[in-house]
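Before any questions on binding or motion, here is one chain by itself as structure tokens, the form predicted on its own.
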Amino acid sequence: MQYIEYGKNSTKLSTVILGMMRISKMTPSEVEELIETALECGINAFDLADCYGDGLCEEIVGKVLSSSPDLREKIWIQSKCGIRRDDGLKYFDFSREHITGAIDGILMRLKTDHIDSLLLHRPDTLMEPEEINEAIEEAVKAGKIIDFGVSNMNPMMIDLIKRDVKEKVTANQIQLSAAFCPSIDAGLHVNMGTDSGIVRDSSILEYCRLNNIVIQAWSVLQYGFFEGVFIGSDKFPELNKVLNRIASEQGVSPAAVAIAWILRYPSPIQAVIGTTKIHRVKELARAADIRIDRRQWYEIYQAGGKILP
């Protein structure tokens, strides 16, 4: 496993993060086994959000931590807030009141006194940076959160937040995969259309790199906006052909190669994997130990249906 330094304490974090979005139907014992397996593979970072399972995912992890309190010191926990669902309506809320209440709710469900990182989950167009600052500053002073970051934001959104928020924006979580990489495509002048809600700014990767913001890639094996997994899909024959060949050469799975393609970016970057299967955790963790060279990187990129100018 490879590691990066994260946040104000330069915490040593695995470049592969285990996402816990799909654990709502698992038992606490099954989740504990999943966490223990991840740790055995060198994965020490775990990603949640208060909306995952309407809070149930955090509750399950909280039960695990209550029954095995020694685990808390071994794992780094990140959660996100800002997505609300009221009477069937989904919207985003970065108000001071909501962020403050959300943090307390996260801590209560996780049965812990702090989380290691809090991300604002998707951009709230109506956000007031002053309110964000008040909520985050209060939480940091109270020891409820250590680091602060954002999710799915472009450079101007981050700069707007940075105008008033005193805490450093430590991470930006964006959708990125070998079959879906608008933040790269835009920079290479490929016409990608106008999918709503997807970071398409051609400078987001470079912006994060220049500002020492860790990039966290999500949906790393998906194409489109949750349209499906591209590994083994007949919609991506050339991409799978290349991934299969490199996987055979490296002695790993095609999925691990696809994640290694993301981790090849020359900046602090992490890949969030969302599997709930023990054998898949072991398989995908190997992505951190694969080195994709420049030629292979561009070969995979173009095999995904992209055209270089």
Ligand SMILES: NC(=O)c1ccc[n+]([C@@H]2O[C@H](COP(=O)([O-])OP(=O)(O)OC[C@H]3O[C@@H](n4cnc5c(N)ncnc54)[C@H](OP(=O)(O)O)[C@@H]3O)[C@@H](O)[C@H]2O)c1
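Residue numbers here begin at 1 and follow the sequence given. The model shown is predicted, which means the values in this text are computed figures rather than measured ones.
This next part talks about the form predicted in complex with the named molecule, which is not shown.
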Given that the named molecule is left out here, which of V272, I262, I246, I35 has a heavy atom within 4.5 Å of it in the model of the complex?
-> V272
Which one, N154, Q222, S95, T112, lies within 4.5 Å of the named molecule in the model of the complex by heavy atoms?
-> Q222
Would A142 sit within 4.5 Å of the named molecule in the model of the complex, counting heavy atoms only?
-> no
For I290, is any heavy atom within 4.5 Å of the named molecule in the model of the complex, or not?
-> no
Examine L71 and determine whether its closest non-hydrogen atom to the named molecule in the model of the complex is within 4.5 angstroms.
-> no
Give a yes/no on whether K12 approaches the named molecule to within 4.5 Å in the model of the complex, heavy atoms considered.
-> no
Specify the contacting stretch among 227 to 235, 130 to 138, 95 to 103, 159 to 167, defined as having any heavy atom within 4.5 Å of the named molecule in the model of the complex.
-> 227 to 235
Triplet W76, S117 and I215 all within 4.5 Å of the named molecule in the model of the complex via a heavy atom | no
Hey, which residues along 8 to 36 are within 4.5 angstroms of the named molecule in the model of the complex, non-hydrogen atoms only?
-> G19, M20, M21, R22
